[in-house]
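Presented as structure tokens, the chain that follows is alone, the form predicted on its own.
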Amino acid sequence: MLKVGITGGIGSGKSTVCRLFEKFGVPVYYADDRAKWLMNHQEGLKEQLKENFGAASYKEDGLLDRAYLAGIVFKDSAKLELLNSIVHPAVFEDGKQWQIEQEALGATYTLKEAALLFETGSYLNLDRIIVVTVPEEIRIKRVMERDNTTEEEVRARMNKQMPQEEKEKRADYIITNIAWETLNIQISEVHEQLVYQAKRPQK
């Protein structure tokens, strides 16, 4: 089974692309969504977060107080690094177990969708990488509309990610997400190539 990663800068539409791959029956692991689930439900991870960021990290109902945690980490890069060093290994192990399960179910290839695929080093455990790319001005407009935020805030978030050009250099496949018609064609072509590669005898 081929293990494929899919990433792209904020506003590139990674989730939209993944949903189109799912129409071909491709299993997708949404790492960022899964991280949120684990932070709310995995007891070992919850304890680590409480130890490092205080009991107030969780509300009375046992769910993560995202606003409280964000207030700590986004003002302090060292705290953000600490948070990532706790959460990313948990997500990595969870994703690895998921891949084993998908292989047992007979998947030809899987997709792991993550915003920080390169930044966390998790790309090293994948066979191929897809990068979703969109011109910067379109990405900014999309995020401003989606999150009801300002251009300055979007650019600040972009600056915390690896530049799109650098991601493209590391990609095995690039999907340009501008027009719906061309997007479907690109995904169909990449899907066919991945199925072909997955079925070839491995050296």
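Don't overthink the numbering: it's just position in the shown sequence, from 1. Remember, it's a predicted structure, so these values are computed and weren't measured experimentally.
As for the form predicted in complex with a small molecule, it is not shown, yet the points below apply to it.
Colleague: Quick check on L63: any heavy atom within 4.5 Å of the small molecule in the model of the complex?
Modeller: The answer is no: L63 has no heavy atom within 4.5 Å of the small molecule.
Colleague: Test of understanding: in the model of the complex, would R142 fall inside 4.5 Å of the small molecule by heavy atoms?
Modeller: So R142 counts as contacting the small molecule.
Colleague: Is there a heavy atom of I10 no more than 4.5 Å from a heavy atom of the small molecule in the model of the complex?
Modeller: Contact with the small molecule, yes.
Colleague: For L183, is any heavy atom within 4.5 Å of the small molecule in the model of the complex, or not?
Modeller: Taking the distances in the model of the complex, the answer for L183 is yes, it comes within 4.5 Å of the small molecule.
Colleague: With the small molecule left out of view, which of R146, H41, K59, K169 would have a heavy atom within 4.5 Å of it in the model of the complex?
Modeller: Among R146, H41, K59, K169, a heavy atom within 4.5 Å of the small molecule in the model of the complex occurs only for R146.
Colleague: Looking at I178, A156, A67, A55, which has any heavy atom no more than 4.5 Å from the small molecule in the model of the complex?
Modeller: Of I178, A156, A67, A55, the residue with a heavy atom within 4.5 Å of the small molecule in the model of the complex is I178.
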